[in-house]
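Heads up, the chain shows up twice below as structure tokens, two forms, tagged structure 1 and structure 2.
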Structure 1
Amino acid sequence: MHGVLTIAATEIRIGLRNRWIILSSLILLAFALILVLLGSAPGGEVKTDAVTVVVASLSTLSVYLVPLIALLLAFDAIAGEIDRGTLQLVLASPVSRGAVLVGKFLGHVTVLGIAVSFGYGIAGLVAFFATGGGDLSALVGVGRLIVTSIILGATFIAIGYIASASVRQTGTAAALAIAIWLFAVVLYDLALLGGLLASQDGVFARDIFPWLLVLNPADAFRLYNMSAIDAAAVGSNLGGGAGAALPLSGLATMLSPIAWAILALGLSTLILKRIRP
């Protein structure tokens, strides 16, 4: 356990010095504050708290930015060690390969958590006080968004380890990470939309689409957060007409990213055990 914590602490120090991570935190904060300014503007007939509108907007923003930040953290976790020639030294330590990966995972998740908490926490507080304060339950939504964003990020960190352990060059790992992000966040939803348009009320729309929607960790994250903040109040129709037919609902929806994280960590550990530095 001591070795795991030592590796985690090392990754935290490296991550906090990483300019990309600092820049990502500032980007999260900038986008969040812009959404705060837009969400706290006069809303006409929208009968909802400004903080709730901001949380709804940030949940959509998180689907794109948080996985990207997570993959930027993870893509060189193994490939980078090989490129720098330090993997042999790391694997020569008395810590098992699985423990090495768990230590890196804990460190990277902590760094991601700091970035997300910094950006969204400040934005939530600004939105709360900019509207003169109000129901403290609105801040619960911000806290829920932060926690679920960290879970989503942890999932993509673990998936990024698969890409990093599968190749021996950092550049190749980076290209794989971007391809994973593009598929999971953009192309997957486009494919689902195309299937819905082709199927209309057919078997795909009724029976297959709900499962595929929940299967994607990014979509599962978005569905949970939008349902938790009463998406209808902010005019969202996310999930289309399949909301009532979803195989998982409520907090159970978050089982999808958690399951993906466990599966990806297990698979990346198996790949790492096969590496001969």
Structure 2
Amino acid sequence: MHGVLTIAATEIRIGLRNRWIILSSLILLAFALILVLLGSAPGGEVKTDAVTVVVASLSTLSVYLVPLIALLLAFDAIAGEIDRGTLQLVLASPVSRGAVLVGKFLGHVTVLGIAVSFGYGIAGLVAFFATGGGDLSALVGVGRLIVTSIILGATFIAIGYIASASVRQTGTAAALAIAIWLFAVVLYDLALLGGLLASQDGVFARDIFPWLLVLNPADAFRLYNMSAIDAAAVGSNLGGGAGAALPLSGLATMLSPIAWAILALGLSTLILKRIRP
């Protein structure tokens, strides 16, 4: 336990020192503020709560940005330490390999959590006050977005560890991380759309598509946030149409990223145990 906390604290310290936290907070904040500006422009149609609109667009933004930040944070975790020779020192110490990984995970999730909380928190408050206050429950939506974004980030941090532990070079791990991102948040959805268009009989759309959608942690994250803010009012996207047929609904949708996180952590621990530094 001692080792876990020590490793976590050091990761957080490094995250602060190398400006990782600041930089990713600013990136998230910048994108979020752009969305706030766009969202608060007079729309003309029935006015939904402005903060809710912003939360809706932010959750779409999260699907792309949060996994990217998480993977960038994670790809170096093991391959980089092998490169620098510090993994040998850590593994020579009495700390177990599982504890090493859990410590890093806690540290990295905290780093990401700080960045997401700052970026989205500030953007949420700006949107709230720019629209002259209003319904406080809209801020709950911001909180929900922050918490679920951190869970989504944790999932991709754990997935990033698999990439980092499977290869010996940091460069290869980085390439692998980008490939994972591209697949999970871009190509996967495109493939699903293609499947929807191609299947004439509707079997795919009815029996397979909803499962595949929930299976992807990023899509599950989007589904949950959209359903939580009553997607219909905001204008829906991919997930909206399939709404009723989904195998998981409401909060249960978030089981997908959580299950992936646990699976990925277990798998990367197994790989780390086999590494011969």
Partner chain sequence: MSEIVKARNVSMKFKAVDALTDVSLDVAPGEQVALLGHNGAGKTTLFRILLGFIRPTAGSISIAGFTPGSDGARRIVSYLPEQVAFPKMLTGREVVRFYARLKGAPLDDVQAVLAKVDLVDAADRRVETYSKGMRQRLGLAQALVGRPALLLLDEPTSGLDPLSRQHFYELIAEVARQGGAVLLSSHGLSELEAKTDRVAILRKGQLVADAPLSDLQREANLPIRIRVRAASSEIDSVHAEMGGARINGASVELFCELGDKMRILSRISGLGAKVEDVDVSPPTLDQIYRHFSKVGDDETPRGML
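For residue numbers, the reference is structure 1: its sequence is counted from 1. Superpose the two forms; the largest set of C-alphas matching within 1.5 Å is the rigid core. None of the values given here were measured: they were computed from a predicted structure.
Comparing the two isolated chains, structure 1 is the one taken from the form predicted on its own; structure 2 is not.
Comparing the forms between structure 1 and structure 2, the C-alpha position of Gly202 differs by 2 angstroms or more, with the core used for superposition.
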